[in-house]
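First, one chain by itself in structure tokens, the form predicted on its own.
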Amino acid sequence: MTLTRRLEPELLDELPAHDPRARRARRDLARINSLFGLSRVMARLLEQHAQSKFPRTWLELGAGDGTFTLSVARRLAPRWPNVHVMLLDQQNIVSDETRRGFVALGWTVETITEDVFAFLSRAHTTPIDVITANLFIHHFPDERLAWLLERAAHLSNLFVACEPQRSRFAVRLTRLSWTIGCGEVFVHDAIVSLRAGFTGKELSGLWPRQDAWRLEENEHGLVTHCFAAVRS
């Protein structure tokens, strides 16, 4: 039986950015991202769907400290030169070291400290080539998520998301993440995220104007759900 999608507060969203528990949770998240190869998955999806159309602008929603986006960028930079990447998050926690990492790739980086809905609601005259989200859009109920996806479709030519895979098995597996050293904040939030995640073609069903887009949605590995929309 499929789990019913359920949204609950995540502890990391309530903690100050520099709280030691928040710092540990972000380190745990980076370690799990690496363990499951999420930067490789995201890079592969971006390359596959961008094909030969090298993007010039890339917006990451809910970018956090920017380290995940940088890890993806390092995989893409040999074939994607001179990209301007925008890191959007409610907190400005991108370090100078991370900024230098983008510069070393020959890219430019911009941090935007703003609510995602406020940012997307503002008029944009210049399209954004690529919009991505990693473990972010599951935070929103379907009504708000449909609006977010409609704005992404309006602004971009390619949208890619890697989100939690909602399943009983994924929840059971994540309960054991303390055994590899993950802290209580991460364990709590990971379980909450999986309950709020996606399965089947749920994101495809929320994407607008489907006739103008080519959609791909599937599970990847044990706990990840991937979605890509490329303008036809």
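Everything numeric here is computed off the predicted structure, so don't read it as measured data. Each residue number is its position in the shown sequence, starting from 1.
We do not show the form predicted in complex with a small molecule, though everything after this point is about it.
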inquiry  = When the small molecule is placed as it is in the predicted complex, are His154, Leu158 and Trp213 each within 4.5 Å of it, taking any non-hydrogen atom of the residue?
reply    = no
query = Which one, His139, His84, Arg99, Arg74, lies within 4.5 Å of the small molecule in the predicted complex by heavy atoms?
reply = His139
query = Val109, Val94, Val116, Leu149: which sits within 4.5 Å of the small molecule in the predicted complex by any heavy atom?
reply = Val116
request  = May I ask you to check whether Leu29 falls inside a 4.5 Å heavy atom distance of the small molecule in the predicted complex?
outcome  = yes
query = Wondering, does Asp129 line up within 4.5 Å of the small molecule in the predicted complex on heavy atoms?
reply = no
Leu105, heavy atom within 4.5 angstroms of the small molecule in the predicted complex = no
query = Does the small molecule come within 4.5 Å of any heavy atom of Pro55 in the predicted complex?
reply = no
query = Which single stretch, out of 171-179, 195-203, 56-64, 43-51, brings residue heavy atoms within 4.5 Å of the small molecule in the predicted complex?
reply = 56-64
